[in-house]
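One chain follows as structure tokens, the form predicted alone.
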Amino acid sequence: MEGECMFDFLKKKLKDSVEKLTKKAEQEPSKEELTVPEVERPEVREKKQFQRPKPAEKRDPVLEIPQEPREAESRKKPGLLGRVRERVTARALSDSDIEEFFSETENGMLEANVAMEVVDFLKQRLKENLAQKQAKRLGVKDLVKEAFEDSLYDVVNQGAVNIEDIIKKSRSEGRPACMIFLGFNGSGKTTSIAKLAHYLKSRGFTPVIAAADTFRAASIEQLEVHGEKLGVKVIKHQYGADSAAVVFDAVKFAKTKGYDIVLADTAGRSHTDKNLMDELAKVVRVNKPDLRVLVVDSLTGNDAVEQAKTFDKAAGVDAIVLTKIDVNKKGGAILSVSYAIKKPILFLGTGQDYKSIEMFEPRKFVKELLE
């Protein structure tokens, strides 16, 4: 991902978290942890078990206790110094260590727009990854960083969507694929559709755009401008027309002309407006799209989680697009939205031009967060 400020705030919080937990793992064990009870000391045990008889006593040589067993025993169990060294160089991170760590770093993660439910999940995953494991001083930072990476990966790895496979499947069924884009006002649906159209064209596919946002005349004009620049056909109706009908006609046109996929825009709407959400549900019900894509402005913050849940409940969501990533310093929404509705991220919008689109790779993403 490009952009100097991209996720800087979140990256700093995660880096601080790794360093804090590393220091906790590298702490010297307490005196109580290092204290060996008197009865366990080898020299005390030897005195008790192997006291020499008084010189005046006559002893039967046959009953003499041989030295070999004692030597074997000393080889089996490390001495005091050995056990102390083991404790100093290897310290287990307990549940209480993780709880204490999160009590110190939780506010920082929330400031980075990481939702509380994600913080709780990370806490549990770190416990599973680190609790009862010996964090060796040599490489302890790598161990903690790896545990963080695995935990973050589990947050954003919500499956995968392969558009090319969807198109090939629809082709085998003798029809074009259909993707419907939904989301809040100003989230970046129109621009995201144009970017995806450019992406698909560069891979040899033939998309057609459906201008189904009939509530805002400017949106139809914007799509027409994008279509002219990209050489992509735009299907439109009059302002105020039925959105479901626009998508239906675009699919029919694409099937007749042999186009591969319909990219359908819809009107932006507040997730709190029930009537508009019901209208969106109708668009989906009538057209039965192969993919329902929720477009989320990554700068929205924690409200993005509530948006995602409401859209998913009303119309269903199959994948997520996050926009304005290039100017997002906090970045927590990218962790929160996908985890909240357990749906994969399709791609990230990383700029204004048509090429500013990055297909989402969970493992690569979390590695870059922890760089």
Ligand SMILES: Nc1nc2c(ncn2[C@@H]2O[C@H](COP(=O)(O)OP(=O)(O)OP(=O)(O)O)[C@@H](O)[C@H]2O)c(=O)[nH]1
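The numbering used is simple: start at 1 and walk along the sequence shown. The structure presented is a predicted model; accordingly, all values stated were derived computationally and were not measured.
Quick note: we don't show the form predicted together with this ligand, though the next part is all about it.
Interface residue among Phe101, Phe184, Tyr199, Tyr259 relative to this ligand in the model of the complex, by the heavy atom within 4.5 Å criterion: Phe184. The listed set Gly188, Gly227, Pro289, Gly108 contains one residue whose heavy atoms approach this ligand in the model of the complex to within 4.5 Å, identified as Gly188. The candidate stretches are 156-164, 213-221, 247-255, 278-286, and the one lying within 4.5 Å of this ligand in the model of the complex by heavy atoms is 213-221.
Using a 4.5 Å cutoff between non-hydrogen atoms, Asp326 counts as a contact of this ligand in the model of the complex. Mapping the unseen interface onto this chain, Ser17 falls outside it, with no heavy atom inside 4.5 Å of this ligand in the model of the complex.
Proximity of Lys11, Gln124 and Gly332 to this ligand in the model of the complex is absent: no residue of the three has a non-hydrogen atom within 4.5 angstroms. Of all the residues from 338-359, those having a non-hydrogen atom no more than 4.5 Å from this ligand in the model of the complex are Gly349, Thr350, Gly351, Gln352.
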